[in-house]
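First, one chain by itself: the form predicted alone, in structure tokens.
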């Protein structure tokens, strides 16, 4: 057990009045309200309510944690409504894309400035996951659970075409004609949003914005970014990728197509393993890293962060529960029910819980977050529209990314 895992049970002085204080304060009490979107259809909510919270309350018997599950599709609107009415809870398990938006509204505690042990907690997590919490000059949360996309492939489809697992973009492109001749698309994806296309841009050596997330021109439309998207355009126009990337109705879902051998490879997350096990129990799913380009093999970070609100009237107890959620004990319990741990120290051990975690742990070492800005949702919509125009042949890739970069600059300028 590491010192991090024991942070919640070491003695220390009490917290300053309604401040966070040092870990392990012995004089904390009261109620901590925690909003989250853990799934009640899986063991997630039961694990939180029946295992994690009781263990925490045993360590801190004067603290009560009130767990408030909210369906994911409703949680964002509930948060925005609560901001307007100043009715936020103490803690929120927030989608990584919501943290900069909430931070910009001024409703989150800058943990890097007010949490004495922030750096120790931060250093224990994956850098790509941690980066989702930074807005301007501070970190407004900590990663709570994580995921990423890797290559999932049908080994039978590859064998039928006489090709090896594509470890590079060059391999994938070279294998496409043989796969087509054998009756399989080389690659399939169900959209052209950042979640879908950023691995191709980054792996080609491109980027979306500058480091400060203030400018897109020169990055999103760089030669490297253009090359990353050109690969997808070439695959589609060569008949090696299906129409579902354009978002049209109908078409074979990526899960169905992969299991049936219609698609040789897709990019997707760890949640696909139980889905395949339930829907296609006779199909053996295989995984590899995202095809590497000149920039390496780089995927996109997903997951949720944990944030503490400014309106919390019990910041000391709330921070203590936050620390416990990041302990090895709590992280391992959630890993058992499908939530990948953000603690890099647990990475190798996750495969002992679920063997299929292994390739995702490896990919997380280089995975990156989508640009951390309140403007991302709008930029993402623009990016998808422009890339789809390029895939359809309505624009060149350069024209599409020039347009996306220009429109993104205008949105980013609002937050300089």
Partner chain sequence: MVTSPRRRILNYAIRYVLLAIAAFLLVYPFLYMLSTSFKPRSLVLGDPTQLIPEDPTLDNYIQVLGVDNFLRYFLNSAAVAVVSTVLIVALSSMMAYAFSRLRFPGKRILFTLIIVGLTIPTMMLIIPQFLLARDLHLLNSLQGLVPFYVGTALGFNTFLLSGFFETIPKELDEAMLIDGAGPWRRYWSLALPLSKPALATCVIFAFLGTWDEFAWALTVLNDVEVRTLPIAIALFQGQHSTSWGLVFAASLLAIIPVLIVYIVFQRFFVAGLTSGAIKS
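Given the structure is predicted, the values throughout are model-derived calculations rather than measurements. Positions refer to the first chain, counted from 1.
Beyond the structure shown, there is the form predicted in complex with the partner chain, which is absent from this document and is the topic of what follows.
Only one of 162, 85, 223, 281 comes within 4.5 Å of the partner chain in the predicted complex through a heavy atom, and that residue is 85. Put simply, of 256, 171, 294, 114 only one has a heavy atom within 4.5 Å of the partner chain in the predicted complex, and it is 256.
For the chain shown alone, residue 149 is not a contact residue for the partner chain in the predicted complex, no non-hydrogen atom being within 4.5 angstroms. Although the partner is absent from this view, residue 60 stays clear of the partner chain in the predicted complex, with no non-hydrogen atom inside 4.5 angstroms. Of the heavy atoms in residue 304, some are within 4.5 Å of the partner chain in the predicted complex. The partner chain is not shown here, and in the predicted complex it never comes within 4.5 Å of any heavy atom of residue 336.
Stretch-level contact check against the partner chain in the predicted complex with heavy atoms at 4.5 Å: of 286-294, 212-220, 268-276, 198-206, the positive one is 268-276. Residues of 25-50 placing a heavy atom within 4.5 Å of the partner chain in the predicted complex, in sequence order: 35, 38, 39, 40, 41.
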